[in-house]
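Coming up is one lone chain in structure tokens, specifically the form predicted on its own.
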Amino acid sequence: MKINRIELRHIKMILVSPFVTSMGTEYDEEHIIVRVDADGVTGWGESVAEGTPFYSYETVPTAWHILNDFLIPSIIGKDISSVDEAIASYAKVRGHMMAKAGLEAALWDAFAKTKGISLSKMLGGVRDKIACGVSIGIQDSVPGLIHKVEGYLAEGYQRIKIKIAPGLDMQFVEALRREFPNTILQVDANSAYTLDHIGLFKEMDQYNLSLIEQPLGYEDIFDHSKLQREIKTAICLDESIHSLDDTRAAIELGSCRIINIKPGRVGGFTESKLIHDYCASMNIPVWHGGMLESGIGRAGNVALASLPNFTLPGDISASKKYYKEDIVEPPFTINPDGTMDVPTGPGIGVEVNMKILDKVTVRKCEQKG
């Protein structure tokens, strides 16, 4: 496949409502859309690096730099026979997983389209529907949180995840479990706690949480192993896992019992599949996280989540949860049973609405081969 042209777009999409976590409040989402034109097909990907370096050291400007100055020049104008060949061409670039994942996603989409198959099938997916959960930011009050949860459960979401932070935790957990005793409930700390909070997490054991996501340091694996030994609830690692090697270390140390996979965090679908397969071999369930993606990134997430070991509902919500209008058609929706259909068309299986994409584009550039 001859790589004829690659375009980058810095987009900025306004959120339907502010999203509050232990890292701060987001009012909009900035990402990079990658377009690859090759042999008469167009592949689309999304780099989920954000405008701030709070979740990751990567930001839109750093990802733009790495993509424009290193990754794209390594493949533009070349005949690429596979995604693996493209990855090998820029393997000497260390880190910058979100930049790599955006380009790799566009290549996967393009290769799937040249074969006339869906991205799900190309990745090895086995489902035509995936189970969906919803992630709820930190709320101002318990009644406000309960009201939001009622709304999402009415829409059919199979699992509720709430963000927590020190001082904004047990009151929400207690209230939700009292109000919704049978709902699948999990909490996400985004690295806001330390081992000094072991008592708090032991207290959470009594509320039948499905998991506690990333309670300790964002690069930590070792201290999580200490915490997991002290509590009954399963720890799930997110920010700490950047590769298959990190996954192996976490599982062998007993740092977690569940892994959250985000393609952007681990460098793309290729590494995601390696992590998925290894976890399956170790009987460790995985689920798909989210980074407030547009429909382009969401389409890739849905395809990946159709793989067999994604056995827990992921953070893959309807387009309308975050954006009044998405940049793809049709937008992603939730079925009454809390599932989402996996697109079956070639590649990501949805069409990019260029008019809306132009409207949310802050800047763009291109390279031709």
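Numbering starts at 1 and follows the sequence shown. Computed from a prediction, not measured in an experiment: that's the story for all the values here.
The discussion below concerns the form predicted together with 2-succinylbenzoate, not included here.
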| property | result |
| --- | --- |
| One stretch from 32-40, 331-339, 47-55, 62-70 that, in the predicted complex, holds residues within 4.5 Å of 2-succinylbenzoate by heavy atom | 47-55 |
| 2-succinylbenzoate contact in the predicted complex: K273, any heavy atom under 4.5 Å | no |
| Non-hydrogen atom contact E26 with 2-succinylbenzoate in the predicted complex at 4.5 angstroms | yes |
| 2-succinylbenzoate contact at E104 in the predicted complex, heavy atom, 4.5 Å | no |
| Partner proximity in the predicted complex: E213 to 2-succinylbenzoate, non-hydrogen atom cutoff 4.5 Å | yes |
| Site test, N190, L292 and Y322 vs 2-succinylbenzoate in the predicted complex, non-hydrogen atom cutoff 4.5 Å | yes |
| Contact residue in the predicted complex, from K100, K262, H224, K113 (heavy atom within 4.5 Å of 2-succinylbenzoate) | K262 |
| Among the candidates S240, S120, S255, S135, the residue which, in the predicted complex, approaches 2-succinylbenzoate to within 4.5 Å (heavy atoms) | S135 |
| Neighbours of 2-succinylbenzoate in the predicted complex among 132-167 [non-hydrogen atom within 4.5 angstroms] | S135, K161, K163 |
